[in-house]
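Consider the single chain below, provided in structure tokens and representing the form predicted on its own.
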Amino acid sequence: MSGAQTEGERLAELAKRRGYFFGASGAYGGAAGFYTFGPQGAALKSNVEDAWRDRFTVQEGNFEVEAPTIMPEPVFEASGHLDGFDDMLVECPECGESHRADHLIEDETDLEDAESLPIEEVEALIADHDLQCPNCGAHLAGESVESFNLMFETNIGPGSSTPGYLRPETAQGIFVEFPRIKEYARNSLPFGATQIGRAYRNEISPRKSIVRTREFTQAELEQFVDPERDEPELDEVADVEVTLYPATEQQADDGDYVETTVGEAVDEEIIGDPWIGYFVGIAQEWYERIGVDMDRFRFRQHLAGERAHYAADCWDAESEVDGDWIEIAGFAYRGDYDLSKHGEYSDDDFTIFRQYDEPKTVERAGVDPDMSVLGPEFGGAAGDVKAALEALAERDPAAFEGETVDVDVDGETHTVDTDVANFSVDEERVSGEHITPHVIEPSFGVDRTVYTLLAHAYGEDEVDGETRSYLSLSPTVAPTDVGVFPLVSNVDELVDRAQAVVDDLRAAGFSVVYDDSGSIGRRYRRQDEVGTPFCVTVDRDGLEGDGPDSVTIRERDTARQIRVPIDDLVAELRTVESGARTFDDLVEAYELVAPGANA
């Protein structure tokens, strides 16, 4: 490794050379913020998605859906994205390059949450620190900072088409389908719906390769709960150890991390909601299992100015890469905001019927307007006035205490005599009530997780007198499970047997690469650098001995090799890949091949 290379530069070079990821459309000059995952990267990314699906969908007993990536404009009017999904843009007066103003401030000052500041304060900070354009060096003081909506706009259909947008998050695809999804859950809370898919944000200044892009993959879970009745199985994760960075510590002059357990964090109200604590605990274990370096990992609580207005609390899972902390997941308590908004804007029911333990007698306020009076008085608006009176009676019965009552219809106030409204309060026997569920959302960035795994897995050491670089990827996510080689490629018996081993491993479900090009040492190094956990070599010693035919298994991280009967190969690799046994266990059970024997 060159001493001048940063971790990010080294990772980008390795990713391009070994087929993990690279800038898209390079033949046409490329487009910032878009990346293609090569053969290794696509496999790693797919394995990360499968591991997430197994833990957050299958093991949690949730539903998985797949919604369209383009949705009509009213969806985003209801969700608030049309009005509030903005970043702060400042344009260079010399070269015309656009930059995220908050990123410029964070890069050049000690401030970490410039995104939460008002535009006027951001403009003042740019001037106070005399910030310059990273592209050409021009001074930006005095330039206006504008709000820029990040959604990609499109049209649905030809002619006078319907405006639509590429979704900026997968969540809305779950929320808008809630009326149907709840039927699959038998209208019973709690339940969760997951989705893994693409999202799109027209970033002002994409950067850090696949960390901040314009098209990316999210894995999201929307957990729907009754806030008064439903609690998570917190005991399952109570003892999970976590590194927390609460808002109070971030704001303190001598603030530091809090090393604790999930159970203690919830009990001490460091994490304010048990559901957030539950998913933080699951995520901690999941990230560790897929290979994130826990010494470079933390959960950071959002400061008040960072949180969305609907979020009661929010924590980010963050990984450290190249000296910077990268958000790789978020855990938000969204309340009933999303379902209430879609219920308000749409024509469907976004509530769940909550059954009482026993029927109750309740007082129900209502009206029975005299339409023989409303009709002549309000004409075509009479039906809307009646509906407005009914809604007002349910919302504010005290409004009918006077001689007249006012209702608003399409911005116009209408006055109705209380006698004509026929307001009354009646007793009614009810067995339950409709409630709007609350939502807890764990949202994972798949691309950023891939980036983190590659950065954290990179290592260098010396093997057989040579410096090697390798990726210590977990077998759970490694793009290839096994590399299979004949020791030499000019002996038909070795080649044929190696091909048979490949066929057996693939039939057993392993991802296998066959390689007979170059020296065996070079072949090992190639697989080490792409993170293949195990290499199997077919040699003469294994086929010409007195015992059963055997092969060597080489473990990537330590380069140790053992000799295993071919008939046992599939079973032993499966036990190690599943975590049932370690390679150390195999070393104890089988013959350890002398160092350098097949180097």
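When you see a residue number, it is the position in the sequence shown, counting from 1. All of these numbers come straight from a predicted model, not from anything done at the bench.
Below, we refer to the form predicted together with another copy of the chain, which is not included among the displayed structures.
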Quick one: of 350, 400, 299, 444, which gets a non-hydrogen atom within 4.5 angstroms of another copy of the chain in the predicted complex? 350
Name the single residue among 372, 431, 415, 154 that comes within 4.5 Å of another copy of the chain in the predicted complex, judging by heavy atoms. 154
Does residue 563 make contact with another copy of the chain in the predicted complex, using a 4.5 Å heavy atom cut-off? no
Contact of residue 587 with another copy of the chain in the predicted complex (heavy atom, 4.5 Å): no
Is residue 545 near another copy of the chain? Define near as a heavy atom within 4.5 Å, in the predicted complex. no
Heavy atom of residue 557 within 4.5 Å of another copy of the chain in the predicted complex: no
With another copy of the chain left out here, work out from 45-53, 535-543, 548-556, 565-573 which stretch has heavy atoms within 4.5 Å of it in the predicted complex. 45-53
With the partner left out here, which residues of 57-93 have a non-hydrogen atom within 4.5 Å of another copy of the chain in the predicted complex? 58, 59, 61, 63, 64, 65, 66, 67, 68, 69, 70, 71, 72, 74, 75, 78, 89, 91
